[in-house]
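The chain below stands alone, shown as structure tokens; this is the form predicted alone.
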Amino acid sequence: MTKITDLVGIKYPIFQGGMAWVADYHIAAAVSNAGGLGIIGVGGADEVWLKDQIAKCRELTDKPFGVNLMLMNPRAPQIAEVIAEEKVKVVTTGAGSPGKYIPMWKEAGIIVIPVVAGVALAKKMEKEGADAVIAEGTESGGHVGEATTMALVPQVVDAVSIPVIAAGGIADGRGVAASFMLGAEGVQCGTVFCASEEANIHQNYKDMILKAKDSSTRVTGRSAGAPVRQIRNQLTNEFIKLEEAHASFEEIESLGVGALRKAVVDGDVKGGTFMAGQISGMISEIRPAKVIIESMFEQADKLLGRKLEV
């Protein structure tokens, strides 16, 4: 039991990341039923899609679940209203500050937990009424910041009084235990749930993770101001060539249009963007979400117990 389990009403202090195109109601319901917090990732979808996803998730679980809103989505205002209307338990946000939506969400009784990549945004979110923050290190898959989880989490913990959830580079109980030692009250994981039985993604995506090594991921897009960590393939090589040639933001951005869908839905191993974290090399099998979560916390409990006995 931690401040996060008390706040959200879950058994295990673990969130499933709100991964665009990956985090639909299938995996969200499975994680929530297993005692964690499943999250539906809106990504670039609209409010109609979200309402359908929420309804389907509620058919599969009576446990708390959340929604992740990417604030760069052009339909963000309408999606934010649907989140309030549906009164989901938790909303997490990425790519900016959700400050203008927080009063509406709080009035609806929703727990607000933004994802942050730095101390300044964490402090700003606390002032604007966030209930907790997710401090996400650059080890994570997808859009990333600069600071590592090891360096970021304790600095955010020291800077705010609200609970901090660690994210980035966590795939087993060792990562969970380390996160608690850094001062976190919970963890958020993405890549490890991509490798779950319930993840509704193309088998090629899961295979890319299973075949990955410690050096298999690469961050592209830094020169364009939109760094993304993904498993290396033909597309990442094309990104790198464009960046080395000092291509414009528009050229780099156009190369990635539709690439995540190609990975998740089509399983295009050459032209898809297979977003995954550096811990991909630690994952060697597909397991049910329940087994993933229970094994993580069984291992973490043992490690933290040994630490307390020293």
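Start at 1 and count along the sequence shown; that's the residue number. If you're wondering where the values come from, they're calculated on a predicted model, not measured in any experiment.
Not on display, but discussed next: the form predicted in complex with a small molecule.
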The single option of Gln78, Ser223, Gln234, Ser97 touching the small molecule in the model of the complex, heavy atom within 4.5 Å: Ser97
In the model of the complex, the residue from Ala34, Ile40, Ile279, Met275 that sits within 4.5 Å of the small molecule by heavy atoms: Met275
Listed range touching the small molecule, judged in the model of the complex by heavy atoms within 4.5 Å, from 223 to 231, 198 to 206, 149 to 157, 80 to 88: 223 to 231
4.5 Å heavy atom contact, Met181 to the small molecule in the model of the complex: no
The small molecule contact at Gly145 in the model of the complex, heavy atom, 4.5 Å: yes
Ala117, heavy atom within 4.5 angstroms of the small molecule in the model of the complex: yes
Leu121: touches the small molecule in the model of the complex, heavy atom cutoff 4.5 angstroms: yes
